[in-house]
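Here we start with a single chain on its own, the form predicted on its own, put down as structure tokens.
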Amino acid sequence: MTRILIQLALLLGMPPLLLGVINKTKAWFAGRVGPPLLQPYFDMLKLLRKGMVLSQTTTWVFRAGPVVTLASVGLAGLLIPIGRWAAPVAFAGDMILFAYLLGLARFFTTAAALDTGSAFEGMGAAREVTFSCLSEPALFFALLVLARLSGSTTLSEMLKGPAGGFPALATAPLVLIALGLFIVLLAESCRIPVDDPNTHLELTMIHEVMVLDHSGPLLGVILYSAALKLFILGAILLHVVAPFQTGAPWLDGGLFVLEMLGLAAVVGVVESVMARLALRQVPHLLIGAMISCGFGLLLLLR
């Protein structure tokens, strides 16, 4: 029970901290002090205390969208092992449920955007679902590689790998899917170079344009859901690129926290040294991620 409570505490409490680390890293690269490390927590709490402004053209779909999105992403997080511990919820084939929970979250986010009747938000929804058609196959290919290596379709077993560790022949496939997963993480979390969470330019907005009509608690829930998805995809990536363990549960938990903060710093570095790609170039990047994960699977099956 203590193990599950610790995992839930990390899953629910740590995601906004990753945004703070990213912002601090970007500020350091720009020579600025930047906002406090805990500023995302304050921003989300402030939004939860505010009122909401709802358009008369919207229906219950608009109000349910952020709530269902958060519930779906949260349930997906329960399927992912935190550090070297087993996931709170695990069963054979849960990798399929994980992918479809993320798909359900995207469906309700885009449905809420379309419910506003705004052509601007409809444009963002169209871009979101178009790019998801390229990022989801990459995620499935990566999961298939992990399932093949571990001999299991349970995420806890897939991500922890076989008892003796991954074989040497699996190095190339793991490197390829790690590269693809990192691109998927940037795309699904709306980070540069795929998207810019701070932009308000019509020609470049993807995710942000879909939530322009949300305010108050609904906007706070959306921001928290985005941070939670970043945490979940980051946990999957760390299991591939940094499967280190000491054998002591508490040390492994602390090591996972440090690795996650390091991953957030890497994302901040990427956003500091790269510009956002032109919209027509984003599919090329996502296709590259899909090909990378696909080749990883082919190398494993040859």
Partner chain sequence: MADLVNALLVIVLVLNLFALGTSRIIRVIRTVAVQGALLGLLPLLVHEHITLSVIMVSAAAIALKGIAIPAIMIHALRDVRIKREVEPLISLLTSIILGALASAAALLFAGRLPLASQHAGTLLVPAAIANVIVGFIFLTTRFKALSQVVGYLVVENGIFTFGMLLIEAMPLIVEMGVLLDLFVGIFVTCIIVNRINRAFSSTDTRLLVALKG
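Numbering follows the first chain given and starts at 1. As the structure is a computational prediction, the values presented were derived from the model and not from experiment.
One more form of this protein exists, namely the form predicted in complex with the partner chain; it is left out here, but the text below deals with it.
Whether Leu12, Met14 and Leu18 all lie within 4.5 angstroms of the partner chain in the model of the complex by heavy atom: Looking in the model of the complex, the three residues Leu12, Met14 and Leu18 all stay beyond 4.5 Å of the partner chain (heavy atoms).
Option from 173 to 181, 150 to 158, 136 to 144, 121 to 129 whose residues, in the model of the complex, bring a heavy atom within 4.5 Å of the partner chain: Looking at the partner contacts, the answer comes out as 173 to 181.
Exercise: Leu279 in contact with the partner chain in the model of the complex, heavy atom 4.5 Å: So Leu279 does not count as contacting the partner chain.
Any non-hydrogen atom of Leu299 within 4.5 angstroms of the partner chain in the model of the complex: So Leu299 counts as contacting the partner chain.
Any residue of 126 to 147 that, in the model of the complex, places a heavy atom within 4.5 Å of the partner chain: Not one residue comes within 4.5 Å of the partner.
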